[in-house]
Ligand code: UD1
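We begin with a single chain expressed as structure tokens, specifically the form predicted alone.
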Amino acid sequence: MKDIVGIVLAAGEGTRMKSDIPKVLHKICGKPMLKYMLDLLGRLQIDKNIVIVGHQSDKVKTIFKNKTVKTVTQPRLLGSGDAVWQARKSLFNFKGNVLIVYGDTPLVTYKSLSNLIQAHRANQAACTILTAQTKNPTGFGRIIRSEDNRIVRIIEEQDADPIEKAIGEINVGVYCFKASELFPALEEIKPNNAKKEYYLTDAIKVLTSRKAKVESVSAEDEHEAVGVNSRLELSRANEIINKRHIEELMQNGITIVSPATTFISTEAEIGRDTVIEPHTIIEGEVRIGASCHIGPFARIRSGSILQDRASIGNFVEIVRSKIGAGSKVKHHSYIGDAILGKGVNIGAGTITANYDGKNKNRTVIEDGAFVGVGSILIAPVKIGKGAVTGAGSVVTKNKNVPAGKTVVGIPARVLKKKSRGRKVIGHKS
């Protein structure tokens, strides 16, 4: 969309979070909340986006990898109207539309933004506002309409009188302006309010006083208006986004036995016919193939890949590892920084000891290997194709197990055979 520029307001301090982390960088379902809005703008194919930064701007800028994102600093936190005003130089001579959103409203949906833009264009409005109906409007700006149902202004909660506070139509905090109308309106707003700030919402009153056309689009879900300003709201946003994501996964052919006890990062990719049992946690960027079985009580951490038909059982943790097709890690095991081939069986209680106090080291377990119960594999180490480790074996670092061989003991040694064909443990001293 070359005729639209996105402005994301992300300069606020977020004092109610009581945190040293910028508010917009707090994670929701494994992803910084600011990234939710940036991802939506990307899905809308908006070619240019401006993020207004302020409080701890250097930290906020660390998440920007997209070249279509430009940052502009708000020197003093004087309100949303002042924040948007900082973008005027970046939009000099721009004649299109400006979509303004907040970085702390991660519950806004793609459908709502798309509907807003379509309505704005169709109505050729000076501004189109996303609104929502709610039974409990406390804390939100109210939409004030005339007797003929036209929008007159938006009144903030702290400036509203009792009658205005009873209004159930609220401001979600998403606007689409004509650029030619936006900045002249911002020039006229004054900090005549309880906070002594320049409110972006006051630009609506300026436009309607000029008889400019102001329209609205209703969000289907009142939760879209919920901003994240406290740890409690952060928790609620996590619940809502996780629920939405799990429902989407189930609609796409994934079985999730207990949605209420399951957490799945929005960054995760999961193939169809995979079954996820209760109390499973899937964090960060994880790729899971088709027809896998995970849980119960499993934890799959970011950087892990599970290929088709992999099986991860109860109380298993997988981190930064690749589990090959048809491989099984069924009970009480930790697999970290490992590569498992196809058809590998990992016995209960197995640990890949990946950390030596300085570095994370890799374990490689090749196709068809069988790792016995309680084995400890001290990385870096390789278990060859079709090899076996006996129960309780400790395979020390760099002591690779050859393909097809069986090792046992502490430290693990290759199991030798007597001349009569009987197997013995250990070696002759």
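Note that residue numbering begins at 1 and tracks the sequence as displayed. Nothing here was measured: the structure is a model prediction, and the numbers come from that model.
Note that the form predicted in complex with the named molecule isn't included here; everything after this is about it.
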{"property": "Listed range touching the named molecule, judged in the predicted complex by heavy atoms within 4.5 Å, from 264-272, 309-317, 290-298, 133-141", "result": "133-141"}
{"property": "Candidate spot Gly12, Ala83 and Val172, all three touching the named molecule in the predicted complex (heavy atom, 4.5 Å)", "result": "yes"}
{"property": "Glu156, Glu283, Glu222, Glu181 - the one with a heavy atom within 4.5 Å of the named molecule in the predicted complex", "result": "Glu156"}
{"property": "Answer option from Leu78, Ile351, Ile189, Ile305, heavy atom within 4.5 Å of the named molecule in the predicted complex", "result": "Leu78"}
{"property": "Contact flag, Thr255 vs the named molecule in the predicted complex, heavy atom cut 4.5 Å", "result": "no"}
{"property": "Thr105 within 4.5 Å of the named molecule in the predicted complex, heavy atoms", "result": "yes"}
{"property": "Contact label in the predicted complex: Asn229 to the named molecule, heavy atom within 4.5 Å", "result": "yes"}
{"property": "Heavy atom of Arg16 within 4.5 Å of the named molecule in the predicted complex", "result": "yes"}
{"property": "Residues of stretch 292-327 in contact with the named molecule in the predicted complex (4.5 Å, non-hydrogen atom)", "result": "none"}
